[in-house]
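In what follows, one protein chain appears twice in different forms, each by itself as structure tokens: structure 1 and structure 2.
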Structure 1
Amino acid sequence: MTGVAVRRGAVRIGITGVRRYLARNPSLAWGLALAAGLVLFMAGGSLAWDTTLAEPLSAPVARPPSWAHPFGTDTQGRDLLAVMIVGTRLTLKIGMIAGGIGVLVGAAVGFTAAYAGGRIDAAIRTLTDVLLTVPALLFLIVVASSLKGEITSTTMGLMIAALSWMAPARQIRAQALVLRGAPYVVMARLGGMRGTEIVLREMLPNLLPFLMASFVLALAQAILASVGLEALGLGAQDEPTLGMTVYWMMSYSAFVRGFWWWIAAPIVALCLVFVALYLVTAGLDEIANPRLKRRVVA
């Protein structure tokens, strides 16, 4: 009987469960669909299209869309479809580096603050509050302008990562404080568990939806910051990220010369990325924030 019975645990939701949940959470459903579309575009594009065309001088200059170049080409002789495929990937890579490091460091800092308490906690809290007051983009402008010309998409990701941990740290600290007093954590302590083990074994699994939401949010923020920097001309000069495409388009007067396809390509791609991330974030918020969930159901 016990062995046969199907057990549905908090995390073990079947396929039908997922489908039913997504029907109740359209924001998450749409967001995931869009994100899947973007991933498909990146992956399928890399396979089906010659991405070396994203290099300058590999295609005729400034052509409107045609069969040979469905998205047209820019004045540097780049095929814009290839640029979009590579650019979306690079932009997501920057976001992943920054968001991933941000959440990992944020989790470590947040748990440390919650566990250490006292002075250490106060110091961490003040530091995060101060850093959060200053818009990250402003700090990044200072750093990036000092490194101008030497920036790659990887260093860009690392740079943004350095300012991506505060928001996750603050949220995770608050969560950890709540969980620290949870009776099941107390039971674990009575069972002989200690600090790190409790965090990893008892707290972390319950924070997974929350960490996920935190990560997507950090990812979105990081992409926002990187594209902003790039549009200012402070990105990787020889990598065709989406933001750099916007910059090149602006600096080579695509507007005056009426190259609408060059204007449209990065804007549409970026809008899709931002909307997808927004929808997923909003959807995950419902999972990570039970209070919201109740409201959605009611």
Structure 2
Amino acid sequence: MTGVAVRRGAVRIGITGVRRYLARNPSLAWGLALAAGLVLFMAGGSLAWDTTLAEPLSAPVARPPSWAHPFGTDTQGRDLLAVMIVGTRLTLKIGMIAGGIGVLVGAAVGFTAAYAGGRIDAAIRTLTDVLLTVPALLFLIVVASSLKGEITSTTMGLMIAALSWMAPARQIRAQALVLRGAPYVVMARLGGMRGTEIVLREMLPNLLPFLMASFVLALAQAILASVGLEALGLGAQDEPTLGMTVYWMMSYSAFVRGFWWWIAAPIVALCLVFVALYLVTAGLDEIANPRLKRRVVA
């Protein structure tokens, strides 16, 4: 019974500590709250609303918001509430694929360069610097144009991921170089730990907040890149992502025809996504950056 009480007390203390920290870090608190709201919108909307209405000609054409269609419909007969539910999920899926792969590859490359040093570090650094000079958007436009008609949300995520690892690799290498000379890393090396063990057991845990912030930033950049490509008509034509909704809105002259509900829905959704990601990134940066952390605690 005593052990159970101790565990319950530890849980209460842990929850209290999290609440106190979130109170000192409002950026992270508001970002997580907004992100949770988006997740609830996607999950709850999929259960409470008929998402098949996101398909063309599944609803009356170009109707303003009503009880039957709270967000209105577009000129292709899509229910915009269903489009926002499905489109937000697909857009975040693209960002998760690109951001996740980009940070994983970047972390592997950055840690390898920092710990190996010498010629390996020089080769990786040179390759990364050269690839960073490639105009990413131009490259993506060329690839997407050649694959037009065959692109899916997964393909889009993989395309963006191919150019998303260089910046994380450079940043993680710089952080790992600092940790390589830390006393606990030197002691682990003298204790006979191998390079992979040192990276995974000593260096990686200390960089987790930085890696999380890098992932959220990469996620936001991937979403921005996908929306830019899709707004040019280079996305998945049969998937109602937020970027493709913007493309169809412009293609059917929603501004000229006064379809304000069609304009507002994707713009508001994208604004909420980017604000949530920005606030979470700022909050995580306060955890990862010692100077900002001291300022928040004070």
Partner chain sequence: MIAAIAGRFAMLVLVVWMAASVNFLIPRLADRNPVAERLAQVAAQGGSLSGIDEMVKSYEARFGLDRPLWQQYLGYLGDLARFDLGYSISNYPMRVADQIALALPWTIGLLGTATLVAFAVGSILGALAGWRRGPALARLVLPAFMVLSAIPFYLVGLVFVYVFAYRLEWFPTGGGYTLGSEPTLTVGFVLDLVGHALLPAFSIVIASIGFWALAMRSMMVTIEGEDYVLFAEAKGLKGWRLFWTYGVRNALLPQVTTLALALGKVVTGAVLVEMVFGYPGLGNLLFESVKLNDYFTIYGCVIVLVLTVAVTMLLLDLIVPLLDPRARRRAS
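All residue numbers here follow the sequence of structure 1, with the first residue given the number 1. Note that the rigid core is defined as the largest set of C-alphas that superpose within 1.5 Å between two forms. From a predicted model like this one, the values you see are computed outputs, not experimental measurements.
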Please match the form predicted together with its partner chain to structure 1 or structure 2. 1
Would you tell me if residue 120 moves between structures 1 and 2 by 2 Å or more at its C-alpha, with the rigid core held superposed? yes
